[in-house]
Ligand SMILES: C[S@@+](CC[C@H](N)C(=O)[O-])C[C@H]1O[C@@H](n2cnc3c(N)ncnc32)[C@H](O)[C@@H]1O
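Next up is one chain by itself, shown in structure tokens, the form predicted on its own.
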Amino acid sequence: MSRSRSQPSVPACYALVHPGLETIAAEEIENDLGGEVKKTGPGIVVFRLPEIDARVLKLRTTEDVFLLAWGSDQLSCRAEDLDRIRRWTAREADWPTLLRIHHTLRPKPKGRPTYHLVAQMEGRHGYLRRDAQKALAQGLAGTVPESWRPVEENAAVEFWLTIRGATAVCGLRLSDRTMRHRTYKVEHRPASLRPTIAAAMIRLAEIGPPHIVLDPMCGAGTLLAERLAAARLLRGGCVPVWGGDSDFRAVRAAAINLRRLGPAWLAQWDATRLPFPSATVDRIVSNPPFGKQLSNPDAVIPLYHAMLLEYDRVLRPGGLVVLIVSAATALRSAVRALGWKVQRQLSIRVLGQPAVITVWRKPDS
């Protein structure tokens, strides 16, 4: 990752993503925005766009999007990094251009503009996060007008410094909290998926306009919501999504979260005995219980076997199944008897626990 000032008229951007989803976020940037991914690292995707416009704020698999001021993957993780942060922030960043673009997408509110400095750090370093934030502030001296007012939240302009091991990126935040915390999600359930993870699973499902999408264990409906939201962005027709859960409270929460997004058929049911004829569903996308969510963690094994037999029954030949599980070995054992073929696999962490997103295809015959 280069530290030098960007020469092209359109500056680079970067996205912070849930670790493990970098390839999915990169594909979304390339396919939906026509962007060019320049570099990826743990939780970071650096990219360029032909033009920076409001479409960048509609990305679904990223947590936050920024204009890149400078970046480096050569930190020493020692105190000498602080001088580099000050110098790069003061000399390598074209702040006037970045602020102009920022104000175009995020118009300044009435009254005195507000600003906020954010420093994030992961890994072991010879300095503290507050030291890095202080170095950032020193490098910004003269960039922030004296009339601007510092605030702790809901600032009009946010300067971010993110350090992960030997990698650092600095820039202006274009997104706000609604990129990662969707406005549709007013009802929550225990172990509910992060919307960005759900969005990645929906992309992996390769859903077309005529496809019937089912989540047999829908919880608060996050996966179904991301399907409906993706269809709205494409401005195409969307058949209703199908979802259900054994807990009526979850079905009710899903209904509330989905009511403004699109058509959904929801019901309380047992996912091992679905009320559908055979071969009626094109895509199944689901977040079945992790072992620790069950009274007996070993119960996940018979559960996977029973639910996958039922998924295989209702799935059309050639259909795709996208699942996120913690017990990957138990899942593979249950799939083996069905003859499904694995298409893709991503390792991530969910609530601090290792998990795997897997994509399976049912044979055509």
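As the structure is a prediction and not an experimental result, all values here were calculated from the model. Just count from 1 along the sequence shown to find any residue number.
This protein has a second form, the form predicted in complex with the ligand, left out of what is shown; the following refers to that one.
- Within this chain, T162 is remote from the site of the ligand in the predicted bound form, having no heavy atom within 4.5 Å.
- Remark: P289 counts among the residues lining the ligand in the predicted bound form, judged by a heavy atom distance of 4.5 Å or less.
- In the predicted bound form, the ligand sits within 4.5 Å of a heavy atom belonging to A220.
- Not displayed here, the ligand is approached by S246 to within 4.5 Å at the level of heavy atoms in the predicted bound form.
- For the options K185, R106, K134, R149, the one in contact with the ligand in the predicted bound form, meaning a heavy atom within 4.5 Å, is K185.
- Interface residue among T196, S72, T89, S192 relative to the ligand in the predicted bound form, by the heavy atom within 4.5 Å criterion: S192.
- Only one segment in the set 72-80, 210-218, 111-119, 134-142 has residues whose heavy atoms sit within 4.5 Å of the ligand in the predicted bound form; it is 210-218.
- The partner is not shown here, but in the predicted bound form the stretch 263-284 reaches within 4.5 angstroms of the ligand through a heavy atom at W269, D270, A271.
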